[in-house]
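Below, in structure tokens: the form predicted alone, a single chain.
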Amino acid sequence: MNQDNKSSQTMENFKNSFFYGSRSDLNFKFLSMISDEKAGDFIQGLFKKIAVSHDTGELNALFDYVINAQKAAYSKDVRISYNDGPFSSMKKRSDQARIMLFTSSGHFVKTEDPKPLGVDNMTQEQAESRIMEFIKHEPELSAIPKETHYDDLMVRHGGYDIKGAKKDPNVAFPLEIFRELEQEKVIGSLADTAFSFVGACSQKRLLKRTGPKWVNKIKAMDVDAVFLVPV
């Protein structure tokens, strides 16, 4: 966790404070990944975009500016890199296939809170403050019946801003969309259960221990394909 003194700061202290520091903001934590000079350029450009957006009433350019800066920063984050993966082509057409939804968005059914780190009713703020514990912890899988109404869903994830996912779960957990695809015969059928977990977890445990267990679990559920939504 970054510690910073707001009364006297360098640019490095300032930009790093957005990464779970005193100014913690999951939309702007990418600032810690870029140089001081690029951070300064981004902030200056942001001020200009805000002024133009105010004058024109057009916000898309402002949103695109932030999104493109995020993309540029995260594209250089290669701490975890895989050259290949155990992927295979579908054996059936999508309109004949049974498909499962699987996300790392941190969704779960309200009445089945996974109680991460052993904490009852953990808030989003607590999840963010304990992110360093999450990334050392073995991930837990939440099963979500496909007929679950969005009012019965909750989301908690210390690695991204969940406001959008709370307002419209389809942003990160497109269960409603897949139900529609099933009704429209775009897919053969949707698996009875969808799964979600918090992607901010121990990647080594996920790769070597937890992931293989999940794969075996899914294979036993007779599905033709798994639709992955990484967050």
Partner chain sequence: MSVGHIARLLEENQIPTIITASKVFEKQLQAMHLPRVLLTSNLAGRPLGKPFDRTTQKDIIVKGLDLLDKAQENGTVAHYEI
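Residue numbers count along the first chain shown, from 1. What you are looking at is a predicted structure, and each value in this text was computed from that prediction instead of being measured.
Just so it is clear, the following notes concern the form predicted together with its partner chain, a form of the same protein that is not shown.
- When contacts are defined as a non-hydrogen atom within 4.5 Å, none of Tyr20, Gln126 and Phe195 contacts its partner chain in the model of the complex.
- Comment: its partner chain is not present in this chain, but in the model of the complex one of Ser35, Asn170, Thr56, Gln44 has a heavy atom within 4.5 Å of it, namely Asn170.
- Using a 4.5 angstroms threshold between heavy atoms, Asp113 stays clear of its partner chain in the model of the complex.
- Taking the partner from elsewhere, Phe102 is found to have a heavy atom lying within 4.5 Å of its partner chain in the model of the complex.
- Using a 4.5 Å cutoff between non-hydrogen atoms, Met90 counts as a contact of its partner chain in the model of the complex.
- At a distance threshold of 4.5 angstroms between non-hydrogen atoms, Val215 is in contact with its partner chain in the model of the complex.
- Contact annotation for 47-61: a single residue, Asn60, has a non-hydrogen atom within 4.5 angstroms of its partner chain in the model of the complex.
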